[in-house]
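Given next, in structure tokens, is a single chain: the form predicted on its own.
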Amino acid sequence: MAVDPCAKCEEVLQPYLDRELSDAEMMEAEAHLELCSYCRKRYRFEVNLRRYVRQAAAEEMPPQLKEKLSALRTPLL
């Protein structure tokens, strides 16, 4: 049974972004991303999401927002 290249790309996308793949796997993923607009869009989405999360984590939360969020907490049972 042949492996769907998009399914394979989906499987290795996070390790690819984390630079955890071997050189051969990186080249295979890059070759697929060059040819496949759908997977390229997914890749760009993941890159932008990671950038957004890094920025959001670095920004200090205003004290008023912290208070509002604390008020919404429910106690653990």
Partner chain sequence: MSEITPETDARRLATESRDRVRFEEEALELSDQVYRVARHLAGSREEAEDLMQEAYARAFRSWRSFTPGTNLRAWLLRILTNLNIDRGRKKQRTPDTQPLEEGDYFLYNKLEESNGPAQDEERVVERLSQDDVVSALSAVPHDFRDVVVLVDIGDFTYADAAQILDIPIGTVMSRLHRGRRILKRELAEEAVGATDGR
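C-alpha atoms forming the largest set that superposes within 1.5 Å between two forms make up the rigid core. This one's a predicted model, so the numbers in the text were calculated from it and none came from an experiment. Positions refer to the first chain, counted from 1.
As for the form predicted together with the partner chain, it is not shown, yet the points below apply to it.
Asker: Check for me whether the partner chain, as it appears in the predicted complex, comes within 4.5 angstroms of all of M26, A31 and E34 - heavy atoms only.
Answerer: Checked in the predicted complex: no contact with the partner chain for any of the three.
Asker: Is Q14 one of the residues lying within 4.5 Å of the partner chain in the predicted complex, judged by heavy atom distances?
Answerer: Yes, Q14 sits close enough to the partner chain in the predicted complex that at least one of its heavy atoms falls within 4.5 Å.
Asker: Does anything in 50 to 67 come within 4.5 Å of the partner chain in the predicted complex by heavy atoms, and if so which residues, in order?
Answerer: Residues within 4.5 Å: R50, Y52, V53, R54, A56, A57, A58, E59, E60, M61, P62, L65, K66.
Asker: Could you tell me whether the Cα atom of D18 shifts by at least 2 Å between the shown form and the other one after core superposition?
Answerer: After core superposition, the C-alpha of D18 moves less than 2 Å between the shown form and the other one.
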